[in-house]
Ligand code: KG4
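Encoded as structure tokens, the following chain is the form predicted on its own, with no partner shown.
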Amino acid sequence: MKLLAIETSCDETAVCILEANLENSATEGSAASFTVLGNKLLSQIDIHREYGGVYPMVAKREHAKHLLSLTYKALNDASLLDEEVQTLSPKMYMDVADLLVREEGMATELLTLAETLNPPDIDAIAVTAGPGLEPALWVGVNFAKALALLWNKPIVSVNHMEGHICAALAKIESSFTQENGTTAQELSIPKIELPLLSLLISGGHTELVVSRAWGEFELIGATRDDAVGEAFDKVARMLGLPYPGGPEVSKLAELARELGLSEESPLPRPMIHEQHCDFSFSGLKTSVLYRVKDLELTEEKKQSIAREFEDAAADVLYAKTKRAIEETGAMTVALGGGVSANTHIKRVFAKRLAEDFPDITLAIPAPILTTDNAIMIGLAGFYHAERSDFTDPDVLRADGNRKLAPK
């Protein structure tokens, strides 16, 4: 099965072509192999840096500007461009124009391209439909609808967080050069021992989700205020660090550990001993604010505060995950989302899980799969496509608050 996957949930525009093969029935397990035939990603970090955060309408504009060209390049890398003059019906022109009416110039560019190409040899289109920034999501969703209409292909509506879970479970096996000179990657997702417990940590999410059957999700813990990635970014601003702040805090924290710098008094670990799996990071963030208020922030002081904040966040994340493991009997733990790239958090989980639960498998995404990308949307979309879990384009909607699982 070949899929075209589209990701536009925040400030990365991404498209990939994925070929996938299941080793058993999709209802029985996860084991599958994947080949990334084409993969294109354009980050908007430099654009949003001057604002200190992501502006939804700016993100939407940039997605609309680049999505078609990235799709063309991904199809070209996958050798799926078949040039031939096509005759489109007047109704097709009108329907595509209606779908892309809010994306200036996009309909004209897409229709002009469609007039010169046969529909590519793909089986389905997978697109992120939420959660995320709704204006940004709509660009990808409407573009996917237009492609589905032009090419007569089914659509898979993908939950962004399910994509992060699949990214954590995926293993990069090898790379090879295709006949056209482009590079392809081989990935696999092994058979996962269930229950699977996923800790999803990013700028917008901090939640624990358990899967007792493959492809099914139950929310057992979530943040009651700030997400952990949001707390990292806010602390970065308090310390005068540039956007994106999370990696900058981590750099200072690692330097403090190397230099042996630490705070004289610890920061709080909110709700760490409470008998549930929910999180809270607002109080931790506020404690940093009080600590830096009216304080001369030397470089050494920034480093020690960054270390103590990161230590506190990692302690809370692990403590809640440990409680969730004890409640669910999880045999596999996956870390997903942008914050899963944090060196210290990965180190804490690897060390403490090995000590506390030596029989549990820890899955952490490869660096290229931690940030938002289209590969993870293709991975998640594949399992749905195998079950013919397609979405009627007429009812497909972008949902910025889309939930992965009930609690």
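Note that residue numbering begins at 1 and tracks the sequence as displayed. A quick note: this is a predicted structure, and the numbers were derived from the prediction, not measured.
Keep in mind that the form predicted together with the named molecule is not shown, yet the notes after this line are about it.
K.L.:
If the cut-off is 4.5 angstroms on heavy atoms, which of these, D77, E230, D311, E207, is the one near the named molecule in the predicted bound form?
P.N.:
Looking at D77, E230, D311, E207 one by one, just E230 meets the 4.5 Å heavy-atom criterion.
K.L.:
Counting any non-hydrogen atom inside 4.5 Å, which residue from G221, G203, P135, G130 sits next to the named molecule in the predicted bound form?
P.N.:
Selected residue: G203.
K.L.:
Is the named molecule close enough to K60, G140 and P393 in the predicted bound form that each of the three has a heavy atom within 4.5 Å of it?
P.N.:
Spot residues vs the named molecule: no contact at all.
K.L.:
Look at the stretches 348-356, 60-68, 30-38, 364-372 and give the one with heavy atoms within 4.5 Å of the named molecule in the predicted bound form.
P.N.:
It is 364-372 that comes within 4.5 Å of the partner.
K.L.:
Please run the contact check for A341 against the named molecule in the predicted bound form: heavy atoms, 4.5 angstroms, yes or no?
P.N.:
Taking the distances in the predicted bound form, the answer for A341 is yes, it comes within 4.5 Å of the named molecule.
K.L.:
Is G163 part of the interface with the named molecule in the predicted bound form - any heavy atom within 4.5 Å?
P.N.:
Close contact is absent here: in the predicted bound form, G163 is far from the named molecule, nothing within 4.5 Å, heavy atoms only.
K.L.:
Determine whether any heavy atom of G246 comes within 4.5 Å of a heavy atom of the named molecule in the predicted bound form, and answer yes or no.
P.N.:
G246: yes, in contact with the named molecule in the predicted bound form.
K.L.:
Looking at the partner-bound form in the predicted bound form, is S304 within 4.5 Å of the named molecule by any heavy atom?
P.N.:
No, no contact at 4.5 Å.
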